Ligand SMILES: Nc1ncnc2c1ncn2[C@@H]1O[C@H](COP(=O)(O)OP(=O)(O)OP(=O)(O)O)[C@@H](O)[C@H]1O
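Starting off, we have a lone chain in the form predicted on its own, written out as C-alpha cells.
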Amino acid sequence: MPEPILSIRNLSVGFRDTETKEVINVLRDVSIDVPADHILGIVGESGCGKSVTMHTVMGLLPRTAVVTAGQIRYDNRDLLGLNPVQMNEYRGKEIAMIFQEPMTSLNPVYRVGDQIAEMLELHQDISHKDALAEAVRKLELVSIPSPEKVAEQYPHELSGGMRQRVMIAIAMACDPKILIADEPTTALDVTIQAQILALMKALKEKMHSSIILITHDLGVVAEMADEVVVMYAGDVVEKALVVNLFREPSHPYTTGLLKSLPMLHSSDERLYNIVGTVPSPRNFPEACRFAPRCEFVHDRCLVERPRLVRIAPDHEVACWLRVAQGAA
C-alpha cells in the first residue's frame, strides 16, 4: 500500500452531556490511512461514526464534542493541534468536503458564482472579478451546461443534481489533495447518482487527489473504492481492498451487510437482516460492540475487546472468531 497522505491514529471522540457533563464515547481508537491518489470507502449503518470521524478531520465538530485521544496527521502536522486560524489554511484548500444535503449547505441568499468565488478569494491572492471568472470555469469543469447563466442563479433555482455539482465545484475550487464526500448521492435519483459518481471519479483522476467516500451503499463502494473501512458503533471492525472485502468478508457484521443486499436471482426470497439494532452510545458494550447482535458470539466477546489483526495482505479484521481461526 502506498504511503498515506492522511493518517488517523487511535482517534477517540465523545460528546459532553449538557446536563450531567458526562462525556459519552462515540469513536473508539479509530485508525485509518488514506494513500495519495486513492479512493477510500467508509461504510456502516447510520450512527456508526463515519461522519463524526470526517468532521473531526475537518475541524467541524460541535462545541459539545471532546477529542479524548489520537492524532490526525497531514503534511507532517497533527491537525488536532492547530488553532482555528491555522485550520482554516487547510480546510477547503488542502482538504475539502462535500456535505450530504446541498440545499442546507449552500447559502440560499448568495448566487452560485459568488459562493465558489468566496472559496477562491479565501485561499488565493485573487480579485473578486477574477474569482467569478474562475468560478464559471469550475462550473464548466463539473459539466454544468451554460455555466455563465448558472453562476448568476440562486441554489433554489437549480435541480438536486445541479446543486450537488455546484457543491463539488466549491469543494474542488482550490484543487484540494483530499476530497471527503459524505453520502454525496443520497437524495438523488439513480440516473443522477451515476452521473455524480462518474464525475467525482473523473475529477479525481484529472487532479490526482484522494477521495474519502462516506456511504451506507455497498454498491457505490464496489463501483468507486480502492479500499474499504467498515465501521460499527464507533469501532473500525474491518479494513480491506475492495476486491478482498467482497470476495471474502471476514467480520460477521460485514458478512451481514453483504448478505442483506438484494440479488436479481433471489427476488422471491426474504432479504437477510442483522438481528437487533445499533445500541445507543450510552449503552455501547465495553468489549466487542457487535456481540449483542452476532450469531457467533462466545464468552470472550463479552469480556475482552478484539483488536484489528492482519489476516491477509491488505486485509485486517477485529473479531475473536478470526483470531481463533488463525491470523496471517
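Quick note: we count residues from 1 along the sequence shown, nothing fancier. This structure is a prediction, so every number in the text was calculated from the model and none was measured.
The same protein also exists as the form predicted together with this ligand; that form is not shown, yet it is the one meant from here on.
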Answer key, this ligand contact in the model of the complex at 4.5 Å (heavy atoms) among Glu94, Glu134, Glu121, Glu183: the residue is Glu183
Item to complete: Check whether Pro62 has any heavy atom within 4.5 Å of a heavy atom of this ligand in the model of the complex, and answer yes or no.
Response: yes
**Prompt:** If you check in the model of the complex, is Cys48 within 4.5 Å of this ligand, heavy atoms only?
**Reply:** yes
Does Val52 reach this ligand in the model of the complex, with heavy atoms at most 4.5 Å apart?
yes
May I ask you to check whether Val26 falls inside a 4.5 Å heavy atom distance of this ligand in the model of the complex?
-> yes
Is it true that Phe15, His216 and Pro281 each have at least one non-hydrogen atom within 4.5 Å of this ligand in the model of the complex? yes
